[in-house]
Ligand code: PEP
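Just one chain is shown here, as structure tokens, and it is the form predicted on its own.
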């Protein structure tokens, strides 16, 4: 349930309600908007008399949250959440559409620095690159590990971009937090609840990708794991789902963008690279994603896709990416956004 405090409620009254909830065994989470403070009470409602809380000083009303996801829901927070990737870049709300670009994998120091500078010059607002790579085949390139993280961080600093990279194993969390601005939880780990609990304990923003066979509700429930651990800096990512269609790598579910925005206050980005698996479809799906209301895009870009260690077939060349950015600006303007 959520307890809505009156606009004029004092800090003393807010703290009194919070402490009373904690004494009854509730987890307490705050959402402070421009007009009201909301206290999310996570726990067994039968443990208290709700009427007793409704008459406490400063309390306006008590609203039960009917959805299985609580902290993620619009009922808990009506305003869009804005997540800061670093001091210069934010995503969500009225922030400019965030474009995260870079290669699927960090392949070397010189290569990642070069591509970082190129995507920055084209208009990207963040750099992506995998140091730990989940691959279907155990014989495929698995990433450079911590060395790759260091190269990625160096490239980000040289280009002036925050960096996004995937975390696969909780044992690598300390390294990813040290070198990256955003932790990506990939589609394969969407329901790795032990991993989600651990990233819930840090404050680094988390980009949570929808799984190939994950419903929207399951995506939101996975996000709930992270928020319930204390990390409210979560960005949701639609990256395609598995259907009977085989022409594309996945079926990019753009319905998910407005649906998630209706159900949740968290920012939504779209990954048209994994969503289609074909570089020549990325532009159309990127434009459609922004038109549908996406807060950001994550796009694979490589200098020489034919030589890429992974996902070359869905990677844009830097010059193609630069042309896409120009077209994206027009679409963003048409739907009242900036890029």
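Remember, predicted model here, so these are calculated numbers, not experimental data. Numbering follows the first chain given and starts at 1.
Only in words, not in the display: the form predicted in complex with the ligand, which the text now covers.
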- Message: Is residue 134 part of the interface with the ligand in the predicted bound form - any heavy atom within 4.5 Å?
- Response: yes
- With the partner left out of view, is residue 173 within 4.5 angstroms of the ligand in the predicted bound form by any non-hydrogen atom? no
- Flag residue 144 as yes or no: does it have a non-hydrogen atom within 4.5 angstroms of any non-hydrogen atom of the ligand in the predicted bound form? no
- Exercise: residue 104 in contact with the ligand in the predicted bound form, heavy atom 4.5 Å: yes
- Stretch from 75-83, 182-190, 213-221, 119-127 whose residues place a heavy atom within 4.5 Å of the ligand in the predicted bound form: 182-190
- Within 4.5 Å of the ligand in the predicted bound form, do we find a heavy atom from each of 261, 295 and 337? no
- Query: Which residues in 190-211 have a heavy atom within 4.5 Å of the ligand in the predicted bound form?
  - Reply: 209
